[in-house]
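First, one chain by itself in structure tokens, the form predicted alone.
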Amino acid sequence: MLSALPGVLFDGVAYGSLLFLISIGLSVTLGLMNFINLAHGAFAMVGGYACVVATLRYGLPFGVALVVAFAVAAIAGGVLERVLYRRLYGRSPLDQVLFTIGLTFMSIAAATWVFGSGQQPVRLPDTLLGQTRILGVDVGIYRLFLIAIVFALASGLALLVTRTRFGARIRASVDDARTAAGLGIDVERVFSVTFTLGSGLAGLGGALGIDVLGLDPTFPLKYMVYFLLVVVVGGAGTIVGTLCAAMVLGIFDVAGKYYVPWAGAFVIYALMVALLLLFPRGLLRRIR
């Protein structure tokens, strides 16, 4: 069993990378915009289906399909934010939860009607297939690709939020929207761009995760709890905390399924309880 540990750890990091990529948008909207968006997984599903259509129906290369997935999910998020979500900013958490969970069920019904209820395939390029050997351990090339993408994106997002003028505007708009508006910041535009970016990242994660997580109309509900766990354990609004939580939860989930398959999902929930008892505000506080 110990001989399999390096492979389990690697698969756990790859799985955690996907959880981070999809969850980071939810972390931003929940932690920085104070909005509970339980329909976040629906945007990941939209990106996944956009990737499937782009590669299988139109024959686009996988790299181009990822860009399409990001763009389609971002556009969907931007339109819904302007038409629907904006009306619920500042409303009670119950209103936000009821609205977004209803939107989740609507997206499931729409995906079932358009694509059917079965799992969707994905066509990966030959360069991402197979395995390679690193430090004596055989690792999947595609999973290595996932890890590289996610850590590059995490670094870029951390710089965007903490080191740029736009990041400062996000934090100012959240801390005191009225004062920020008085200083000339277009708060509605900042929130709209932030929500659009988070939706696009979810769509990118959904596309990248087809080969690992699968894709069917129940995707938004199937992984909703996992996305929430990552955000709550890591600390809403912090990129580094979300990344750490995704890695920890991903590794323990994969290790639990490999070493104690009879326990099912109990391992991940027990870990969540332990982490929240130790870090009730999340692993890291929100970035300001």
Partner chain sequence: MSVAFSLPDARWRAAEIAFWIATGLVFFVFPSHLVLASQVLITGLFAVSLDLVLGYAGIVSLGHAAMFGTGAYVAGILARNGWGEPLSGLFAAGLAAAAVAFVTSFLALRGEDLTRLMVTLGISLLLYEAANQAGVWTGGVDGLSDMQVRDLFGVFPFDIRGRTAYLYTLAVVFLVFCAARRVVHSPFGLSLRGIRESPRRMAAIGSPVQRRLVVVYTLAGAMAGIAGALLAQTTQFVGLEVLGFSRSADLLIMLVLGGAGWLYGGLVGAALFLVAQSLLSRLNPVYWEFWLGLLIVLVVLLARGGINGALTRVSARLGLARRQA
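The model shown is predicted, which means the values in this text are computed figures rather than measured ones. Positions refer to the first chain, counted from 1. Just so we're on the same page, rigid core means the largest C-alpha set that superposes within 1.5 Å between forms.
One more form of this protein, predicted in complex with its partner chain, exists but is not displayed; see below.
Enquirer: Counting only heavy atoms and a 4.5 Å cutoff, which of 207 to 215, 108 to 116, 194 to 202, 124 to 132 contacts its partner chain in the predicted complex?
Expert: Heavy atoms within 4.5 Å of its partner chain in the predicted complex occur in 108 to 116.
Enquirer: Just to confirm, residue 94 within 4.5 Å of its partner chain in the predicted complex by heavy atoms?
Expert: Heavy-atom contact with its partner chain at 4.5 Å: present for residue 94.
Enquirer: Is the gap between residue 9 and its partner chain in the predicted complex 4.5 Å or less for some heavy atom pair?
Expert: Flag for residue 9 set to no.
Enquirer: With a cut-off of 4.5 Å between heavy atoms, is residue 145 one of the residues that contacts its partner chain in the predicted complex?
Expert: So residue 145 does not count as contacting its partner chain.
Enquirer: State yes or no: in the predicted complex, is some non-hydrogen atom of residue 229 no more than 4.5 angstroms from a non-hydrogen atom of its partner chain?
Expert: Residue-level check for residue 229: yes, a contact with its partner chain.
Enquirer: Looking at 53, 36, 66, 244, which is the one with a non-hydrogen atom within 4.5 Å of its partner chain in the predicted complex?
Expert: For this set of options, the contacting one is 36.
Enquirer: Go through 141, 137, 75, 84 and name the one with a heavy atom inside 4.5 Å of its partner chain in the predicted complex.
Expert: Exactly one listed residue reaches within 4.5 Å, namely 84.
Enquirer: In sequence order, which positions of 201 to 216 have a non-hydrogen atom within 4.5 Å of its partner chain in the predicted complex?
Expert: Stretch hits: zero.
Enquirer: Quick one: once the rigid core is lined up, does residue 272 have its C-alpha move by 2 Å or more between this form and the one not shown?
Expert: Comparing the forms between this form and the one not shown, which are aligned on their rigid core, residue 272 does shift its C-alpha by 2 Å or more.
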